[in-house]
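Next comes just one chain, in structure tokens: the form predicted on its own.
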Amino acid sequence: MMLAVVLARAGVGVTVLEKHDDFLRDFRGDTVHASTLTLLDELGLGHRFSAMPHRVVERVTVPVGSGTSLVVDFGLLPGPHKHIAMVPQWDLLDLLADAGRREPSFTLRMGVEVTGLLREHGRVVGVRYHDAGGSDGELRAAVTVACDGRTSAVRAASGLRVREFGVPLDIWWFRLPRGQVGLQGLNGRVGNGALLVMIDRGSYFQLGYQIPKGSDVQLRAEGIEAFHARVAALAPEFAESIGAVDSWDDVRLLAVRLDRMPRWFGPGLLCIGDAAHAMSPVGGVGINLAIQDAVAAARYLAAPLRRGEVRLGDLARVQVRRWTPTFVTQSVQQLLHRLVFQPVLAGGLGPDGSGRDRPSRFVRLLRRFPRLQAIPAYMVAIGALPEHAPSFARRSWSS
């Protein structure tokens, strides 16, 4: 959607195909990072975003051992947005869709699912689709961009290779009523071979319980009461409300993936975001990377699309620009998987006070010199290579 808005503001004819009839999907990533907030300002949408109901996270409490934690302070960030905003993703998508509809060259088609790619002479020239009315059709395009996530149908149809990296965890997502729980912002608990993330959503909490990779079926077989006991052991303040999750239907599994395409493009085709590089949920940075990819793609492709001549090199420039931040971010995630999450899930950060529970040297350094907390704060909220709206897409604030 971000790519479509920016391209449409360049006068490029662009069509977004969304296979669902609406954007209402629970447990999507709902973090809007500082760099994205800056982009919304540059696009003239910042005031409209500010008027939407949202929560502001100014610091994150990260568990680093039994009874110990590290506070990452976003107040150390440069720029006007020293926080992360939490807003339902469908609200952000509606905001961008509305901005797109104000451009004559923007089209959004809901309930249209891509089923395959059109090819001519070795080049992708569009897509085949199935719409909500039951009809099949074709849509031709100078460039087809796969923005359809970690299970991308377009990527699968492209035949392009994907390199997968092992991950030690999956996540159970669920929600609980706020009740009298006084937690605010983002918090985590670690112990007994588990890690629980608690996200303040205002009237309720979204919780992520991390489990060993591939253990979902086995753990569900133990029963919902065993799940209640696990959550209550880590977060006693939810002991009374955990009963609101009265069946496994209320617990959504996120099968965590970490992968990257060696080559994100082919003739007439470009993959960005999770379609090009599925990110771990660690740090919640996948959305940030996807939006940055979109802005870079719009900047490099707008002029060739207006000329009606997009060469392979134009598509390659997008990957060249975004490769380093993707590699750096995924490398950090792999390191955290190995040094933090794998030991946690193996029971290595338990409440026994053993040496294995001691925070790492890096964490101890951050706690000793709080100003160094700007490093993880910057990586999470801004990223390794933040993008800015190109001049042709910038607008002053308007109603």
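Numbers for residues come from their place in the sequence shown, where the first is 1. Bear in mind that the values here come from a model prediction, so they are computed numbers and not experimental data.
Not on display, but discussed next: the form predicted together with a small molecule.
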Whether 73, 200 and 237 all lie within 4.5 angstroms of the small molecule in the predicted complex by heavy atom: no
The small molecule contact at residue 18 in the predicted complex, heavy atom, 4.5 Å: yes
Partner proximity in the predicted complex: residue 113 to the small molecule, non-hydrogen atom cutoff 4.5 Å: yes
Residue 103, heavy atom within 4.5 angstroms of the small molecule in the predicted complex: no
Residue 30, heavy atom within 4.5 angstroms of the small molecule in the predicted complex: yes
Answer range among 260-268, 136-144, 288-296, 317-325 for contact with the small molecule, defined in the predicted complex as heavy atoms within 4.5 Å: 288-296
The unique member of 194, 153, 99, 167 whose heavy atoms fall within 4.5 Å of the small molecule in the predicted complex: 153
301, 190, 92, 279 - the one with a heavy atom within 4.5 Å of the small molecule in the predicted complex: 279
